[in-house]
Structure formats: structure tokens, C-alpha cells
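Only one chain comes next, encoded as C-alpha cells, the form predicted alone.
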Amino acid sequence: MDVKNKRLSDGEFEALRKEVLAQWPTGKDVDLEEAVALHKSMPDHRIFSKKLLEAKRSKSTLIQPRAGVPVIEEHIKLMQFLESEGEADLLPTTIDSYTRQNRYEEAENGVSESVRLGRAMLNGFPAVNHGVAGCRRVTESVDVPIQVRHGTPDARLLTEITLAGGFTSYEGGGVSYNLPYCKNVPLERTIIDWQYTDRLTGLYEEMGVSINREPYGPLTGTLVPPCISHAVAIIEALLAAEQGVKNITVGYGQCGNMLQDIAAIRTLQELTDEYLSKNGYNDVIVTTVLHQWMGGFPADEAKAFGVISTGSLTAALAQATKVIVKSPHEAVGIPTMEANAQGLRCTKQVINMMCDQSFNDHHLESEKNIIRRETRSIVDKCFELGDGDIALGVCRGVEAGVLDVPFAPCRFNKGLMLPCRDNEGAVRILNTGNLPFSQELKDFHAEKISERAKHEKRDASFQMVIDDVYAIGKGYLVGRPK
């Protein structure tokens, strides 16, 4: 499969587009020029890219939940509740699992069953089945911007329908929606399919409509070292920019050590700007998002609010442009809309209290420097492996283990790198695998983990990894032996 980081020509795109729009009957309702006119008629406060830019300029942090149900009327009710009672600045529409796998007939059955039984029989909103008109009913029902959030390896038809349906932000990418989500899909395949999504977004941009694109930051969600998620975010930003995307939000999943998390968000903005500029993409606006803790949660709701609060505090002090909020029902399943709103209000309270405060510590610059060196070593090696082409380079990099996502289900991911926490709870690397780190960086990680092992009077081992995965759910950050 021939993959290159090269903008799709008009002819290539149009040939693909005929195939994509024919994948399900609702594709016939997509009219690009009419959709562009719809977007141009929207007020600024309903446009994701404009609201993010305003937040970036004012150094404020916007709040956004995760949410989605299958029936349009119920989804609208949910969105309106999260806007009014949850005080959400931005809203999501989480897509169901059948749609993510392009299984539209089964999604259709799920909608019918949800209506018949009066309860959700899908774990999200099947936007392709509801079509352009259904999506517009959703986006026009609220007064804040709405984003599509999903997890789809081949998201081309979903992109066409939701952008035409008035959504102004679209999450995902060819790397971040492959390695953490797929088992057998080659990375080359998803990168090529996501070039279509980014080219469509670029076409909207060329026609005067700026759609926000957001690579999925947390990846597998638990103990992902900043350099890994940063490298993926930067690479996906470069792939998107080549196709004409001009507004990109890069993300990071909270790891729990506040100093490391603040350093991570600040370097993520800096490094993404650096690599975009270095590669000639000088007109791309970059913003950041912190995802509150993506691992196990305490079942006790009061304790869950404690986890939510630390994520809120970190987002505010790091000056992330937005924060993706969890609910106190995280440990038990899909939250009620009331619980979802509670998580939002908790986050809003903390952010409002922190808006005039800043965080600077003499250790912060040291942590930022470690993240910079690690991230550059991975991204630069991918460029080298691809002979200057980052699309080819990331495929070869994953194959070689140069870019290695922990706990990923994808069989093309090397899976050699193992993270665990150091004695202060920062995520370090127990086994660097084939990461292209200098000996100095390897020694740094070994020393940090050795300090913890000495403190706990045990050997550094895989047991530390296991203990750390479950620690927050049990009420702690570091998985100490009892």
C-alpha cells in the first residue's frame, strides 16, 4: 500500500468521493456547496474554531463532556440538558460502535429497537443513519458548538454527513483511531482513509469555513507517557495540515502527576507549533485539550469527584484551551445526564476558581525539557525512517517500535515499551523497547524507577505496572505494595 504525505488532487478526491457517498443511502443528501452556505450562516458562538481561538487568546479553559444516545429526540434532550444544567461551553456527539465499524445496517436496527423498547440499544448516536437532516436537527437545537467524537478507522462517510449536518469540529486521526482501537487494520490503510477526512476539511477551509480537527490524545488512556501521545498528535497535525486543515486541537490524557501534566500540555502546544512551522505550515492555529483521567475510577461518587477535580485543576493551571470532563459514574458505566452535568459543574467551579492563578516551579522546566527531548527523538526518527515523508515514516516507525503505544490491541504495534510511575507518581518508562532514546534518557528513566523500587523495598518489575493501572480506582496515584 503506497502511503505518502501528499495532498490529494481534486481528481483523486472526487473519484473517492463517489464511492464514499454511495456506501449508505443517506450519502446522497450531501451537497458540499449547500453545506458550506449553512456553515457560513452560523453565528460565531456556535462555531468550534472561533470559540477555541477566543479561549486561547483570553487564556481561559472551556469545558466539554462526552455523550451520545441513538434516538434523535433523546439526544437533543441530552445536549440541551448538558448545555443548560451542565453549563458546557462545548458539546459532543459520541458515535455508536456499529457506525465506527461501518456496520450501518446493524446501527439502523439499533435505532429501531431503541424506539421500540424506549431505551438506548446503541452506545452512541448513529449519525450516518440519521443523515444530514437528522444531524442538523441536533446541531441547530443548542446554542454552543458541537463536535463529532467517535473512534472510527474509516470515518469518511461519517465525516461527509456530519460536516454537512452542521458539526463544526471533528475528532480522530489515522494513527490515534487505529492503534488504540483496531486489531487487524494496517496503519497505511487508516492513514490513507483519514487523508480523505482531512482533505474534505481542507476543502471546507478553502471555501471559507474553518472546521476544527482534533487528533485523539489519550490513545489507550492509561499510563501513556507524554512523549508517545505528543508524537502521535504532532504527526497527525502534520498529516492534517498537508491536506489543508487550518485549525487543530492537540490532546493529552491526564496521567496524574500535576507537574508532569502541566509540563505536558505546555510542551504539546510548543512542539506542535514547532514542527508545523519547520515543515512549512505557518498558518495553522493550534489549541490544546486535556482529557481528565482515562483509567479506572473509584466507584464511590465522592471519591470520583476528587479525581475529576484534580483533572480540572491541572487543565486550568496548564492553561489548556479545553478540558474533556468525566462523570462520577465513570466506574459503573454510561452516566445519567444528571451525573454528566454534575461532572461539568464540578469542573467549571474549579476552573473558575483558578482562572487568575498560574503555576511555575523550578522543576517544571526540567520536566518540560525531558518531554521535548523524548518527543523530538521519536518524531525525528519517524521522519528519518520515511526519508522525509512523515506518513511513510510513522508506518515504518510503528513497525520498528520507534513509536510504541502501551496496551494497544493493534497487532502491528510492537508492544515492547512498558510504562510505570516513579516515586512521585510521574509516568516513566520501565522498558524502553525500541524507542529511539539516547542513553542519557534511558538512564534517567531507570534511575527514576529505581528510586521508587528502593523506597518500596522491591525490585522494579511488571508488577509495578499492574499496581499502577489499578491504583487510582483504589484511591491512590502510585500503586504501592501493601
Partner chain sequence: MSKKKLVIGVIGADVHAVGNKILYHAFTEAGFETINLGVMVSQEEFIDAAIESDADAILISSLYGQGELDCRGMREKCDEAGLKDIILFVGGNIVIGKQSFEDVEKRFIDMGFDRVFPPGTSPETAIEALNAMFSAGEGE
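Only a predicted model underlies this, so the values are computations on that prediction, with no experimental measurement involved. Positions refer to the first chain, counted from 1.
What follows is about the form predicted in complex with the partner chain, which we do not show.
Counting only non-hydrogen atoms, choose the one of 377 to 385, 233 to 241, 173 to 181, 187 to 195 that falls within 4.5 Å of the partner chain in the model of the complex.
-> Checking each option against the 4.5 Å cut-off leaves 173 to 181.
Check whether R119 has any heavy atom within 4.5 Å of a heavy atom of the partner chain in the model of the complex, and answer yes or no.
-> Residue-level check for R119: yes, a contact with the partner chain.
Classify I285 as contacting or not contacting the partner chain in the model of the complex by the rule of any non-hydrogen atom within 4.5 angstroms, answering yes or no.
-> Output for I285 is no: heavy atoms all beyond 4.5 Å of the partner chain.
Looking in the model of the complex, any heavy atom of G208 within 4.5 Å of the partner chain?
-> Residue-level check for G208: no, no contact with the partner chain.
Report whether the minimum heavy atom distance between S84 and the partner chain in the model of the complex is within 4.5 Å.
-> S84: no contact with the partner chain in the model of the complex.
Flag this candidate site as yes only if A22, W24 and L392 all have a heavy atom within 4.5 Å of the partner chain in the model of the complex; otherwise mark no.
-> The answer is no: none of the three residues contacts the partner (heavy atom, 4.5 Å cut-off).
May I ask you to choose, among Y216, Y98, F167, Y275, the residue with a heavy atom within 4.5 Å of the partner chain in the model of the complex?
-> That would be Y98.
The single option of K368, H329, R396, K246 touching the partner chain in the model of the complex, heavy atom within 4.5 Å = Selected option: H329.
Determine the residues of 225 to 264 with a heavy atom within 4.5 Å of the partner chain in the model of the complex and present them in sequence order; the list may be empty.
-> Residues within 4.5 Å: none in this stretch.
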